[in-house]
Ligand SMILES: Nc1nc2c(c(=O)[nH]1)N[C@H]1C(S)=C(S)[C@@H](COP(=O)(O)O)O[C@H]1N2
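One chain comes next, on its own, written as structure tokens: the form predicted on its own.
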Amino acid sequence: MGPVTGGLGLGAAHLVAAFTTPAASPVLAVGSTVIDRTPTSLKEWAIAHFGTHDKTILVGSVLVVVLLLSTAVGPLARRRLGYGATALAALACVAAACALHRPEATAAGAVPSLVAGIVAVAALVLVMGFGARPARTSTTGPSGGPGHSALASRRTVVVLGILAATAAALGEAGRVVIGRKAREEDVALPPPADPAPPFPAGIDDTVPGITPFRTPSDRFYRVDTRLDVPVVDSGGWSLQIDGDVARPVEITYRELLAMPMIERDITLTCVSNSVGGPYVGGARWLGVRLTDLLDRAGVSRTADQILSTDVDGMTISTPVTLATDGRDAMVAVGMNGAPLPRAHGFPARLVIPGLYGFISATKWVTRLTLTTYAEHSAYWTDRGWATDAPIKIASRIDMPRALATLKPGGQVMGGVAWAQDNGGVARVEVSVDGGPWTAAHLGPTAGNDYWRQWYAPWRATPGTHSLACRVIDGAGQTQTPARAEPFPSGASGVQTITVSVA
């Protein structure tokens, strides 16, 4: 009884949130609060073990816990209806409190949780009323058929079934409403004033199994603190630039699209990426130079930090010196020739090459505040992560897969390597079974800010073998073999995999 009435409340709340603030849906509000309270070490463990499924697992876990807690509602309601109603109301109040304590939250954020409580309590009263309604037949029925108790139980089961189906329908309706709001495909992007060179073909077709030179947008990694994907209407969106500036500026989306655009091929990397990990991708980005926007506001000499804020109050800090040192930092509006997908920041996000995403890649950005580290600290800074985090040069083996079983004879190992801010990838070397480092073949270059494909043929003999790779950048720096965990400034070390040949 409790899970069904609670589920109906959650379904109704999700639909209401879809029309107002999707992030205020009770499960998402509670889950986001859990994320904020989770220690960094546990977050890193979840990312390492669950990857991009960590959010799905967390949402599912919160939902399961809520439904388990609501199982107590049935026994309480049978003792006294008020006890069960109070339990449901208490769960709704917890969700409302979580929603109200989110950054940028308003009083309206509590509405979906309140709706959940009202609907759940009303459903509980309905179910209990059907269970208690007297039967029209006698105690045993005219021919020994079911009596009042059995009929009441049947009515209760039917009502619960109808409520469960309604809960599922409401939840699906909420999903559909969210999916149809503020669609990025309705936006027409302008051509770049400063286009990128023609994109090289890569070696995707000549080396089967190699990592695609350009990562499709729907396969690009996503690591952030959001359980949902924000739904932002570009028509009502604006970017504010304030803080230590000569004149605060507010730019609408239409005004942003009217500014001169640059187009660049840039590889992004998440600081949570372990050695050989998947949280790196290469794409073509379209946007307005960050310095063009900052020049409009006039940055004070005292500012040493750009505190960027997203639509729901998440903050990221970027050193001013790194954001304005001549690299192609931009407020991006396009990805791979199309408007930004929602999952990657529609309608606008920061893209700053050479810096890990936690200090450079704010998605759904709405504000850039020029300030100092002494005056303000951002989300990740408060959790002990570095404030200056250039991407470490690295390489990755994508073929063969670790622990694969190969056939004897000619085999090919291959993958990608990146070395931003250091002259790009100059060479990739491989080693088999700890032997000498030998040069691999490189794919074409799309610029120093973009990764390069590489491959190396080798002769596989029966047995177990270890394969390793390392990159050397344009400045002659060799990828370090010293192992470091992602926290606090990015992982390092040389990837080595083991394969079997039989």
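Keep in mind it's a predicted model, so treat the numbers as computed, not measured. Quick note: we count residues from 1 along the sequence shown, nothing fancier.
Only in words, not in the display: the form predicted together with this ligand, which the text now covers.
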Taking this ligand as it sits in the predicted complex, is residue 83 in contact with it (heavy atom to heavy atom, 4.5 Å or less)?
no
May I ask you to state whether residue 316 is within 4.5 Å of this ligand in the predicted complex, using heavy atom distances?
yes
Heavy atoms within 4.5 Å of this ligand in the predicted complex: does residue 287 have any?
no
Residue-level contact is defined here as any heavy atom of the residue lying within 4.5 Å of this ligand in the predicted complex; does residue 418 satisfy this criterion?
no
What is the one choice in 175, 214, 155, 222 with a heavy atom within 4.5 Å of this ligand in the predicted complex?
222
Looking at 88, 268, 124, 99, which has any heavy atom no more than 4.5 Å from this ligand in the predicted complex?
268
If contact means any heavy atom within 4.5 Å, which of 318-326, 298-306, 351-359, 244-252 contacts this ligand in the predicted complex?
351-359
